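In the block that follows, a single chain appears as structure tokens, in the form predicted on its own.
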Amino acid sequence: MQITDSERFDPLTPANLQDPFSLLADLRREQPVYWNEKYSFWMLTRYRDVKAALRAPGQFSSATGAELERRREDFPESLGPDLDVCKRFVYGQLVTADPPEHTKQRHAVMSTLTSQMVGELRTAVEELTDDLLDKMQRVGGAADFVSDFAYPLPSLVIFDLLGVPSEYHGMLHRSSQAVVAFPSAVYRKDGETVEELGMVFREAERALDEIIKARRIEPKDDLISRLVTFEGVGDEMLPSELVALCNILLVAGHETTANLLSGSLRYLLESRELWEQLRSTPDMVPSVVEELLRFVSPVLWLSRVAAEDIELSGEVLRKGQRIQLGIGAANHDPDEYDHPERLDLMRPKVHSLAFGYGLHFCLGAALARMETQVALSRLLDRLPNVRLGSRQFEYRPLYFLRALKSLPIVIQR
């Protein structure tokens, strides 16, 4: 049976979820500006197109929540309250906002999350890294790098940075995962998952509201305290907006970093000569992290909405239509990088789009880079003989993130 383009270019099929780069390469080569009829969105996969879209927020709007309203008809009316709370959490914050709302929130975060604050965190990150490695070495033998290291490290860092009490960690970790699960649930028309996510968000809403109220009364030396007392934010934003902002900082602070860490170790250990090359020249770690950001591409897609009719490569992207920007495809574009499917630790001048570009460039980029550099350096030093426990890799069913479910490794004591 002949496979149709609709099936080949469906980012949510099991095959494409596990190996998205084949899909991205085919799209980029054959239909770089592609209208996906099944999901009603455009897919852009060339580096030059993706970068141009990111640098033109007036045409490519980040306010994608309004487009969700057109998809409500795919769900029963009884799920209205669940869709509402999901929309507040997923679309009610700076990542999915345009100026002036985006400008106000971004300024607040940039003013409170200073480079000095990130720099002061390095010692804490080193200590957390060593604590996690201590636990793994004590147990020895088999471990799951995802659950034992890649997720705990950035999670603990961002919880500490924001000032989230330990009793809320598990529940807010679930709300972070719910944010990244929601878009796929909408495209799949999965009402059962939407209902479950709604319950998670309502619980998180109550918890974050309690933390915010406590910080208003008694501020501490943490990011939530700084945000709620920051002029023009803490006194002007609605409680629901502050809740959504704090939650998206939790998501941005650990989800993509965890995926970068696990993906990096997978590829470095798959090609053992790369691991040994990095062991012999550990001073390369900062530049290698840039190549890993490109190659791993922990974020595969970013969503935008056409703010006006846009003509591109003979196609017209109509005002109001959703557009998926292929970050992973752009980072593997042969017109931009020589031999892009090769992880090259010596690759010069890597300017990937892993953290976005322009107005919405990732606010946590410096923190993510620092955490990854520290983690890799300590892994190379303390677990030099670590090896993969399996060559079978399964990824979470998230079309826009590259997220390993697990990464079995073997630690020699």
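Note that the structure is a prediction, hence the values are computed from the model and not measured. For every residue, the number given is its place in the sequence shown, counted from 1.
There is another form of this protein, the form predicted in complex with ligand HEM, and it is not shown here; the text below is about that form.
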Next on the checklist: Check for me: heavy atom within 4.5 Å of ligand HEM in the model of the complex, for each of Val95, Phe355 and Phe361, yes or no.
Outcome noted: yes
Checklist entry - Which one, 126-134, 295-303, 277-285, 80-88, holds residues whose non-hydrogen atoms are within 4.5 Å of ligand HEM in the model of the complex? => result 295-303
Item to check | in the model of the complex, the residue from Arg266, Arg106, Arg322, His173 that sits within 4.5 Å of ligand HEM by heavy atoms | outcome: Arg106
Checklist entry - Among the candidate residues Leu227, Val146, Leu260, Ala181, which is the single one with a non-hydrogen atom no more than 4.5 Å from ligand HEM in the model of the complex? => result Leu260
Item to check | 4.5 Å heavy atom contact, His102 and ligand HEM in the model of the complex | outcome: yes
Next on the checklist: My question is simply whether Leu367 lines the interface with ligand HEM in the model of the complex - judged by any non-hydrogen atom within 4.5 Å.
Outcome noted: yes
Checklist entry - Heavy atom to heavy atom, is Ala252 within 4.5 Å of ligand HEM in the model of the complex? => result yes
Checklist entry - Does Ile158 make contact with ligand HEM in the model of the complex, using a 4.5 Å heavy atom cut-off? => result yes
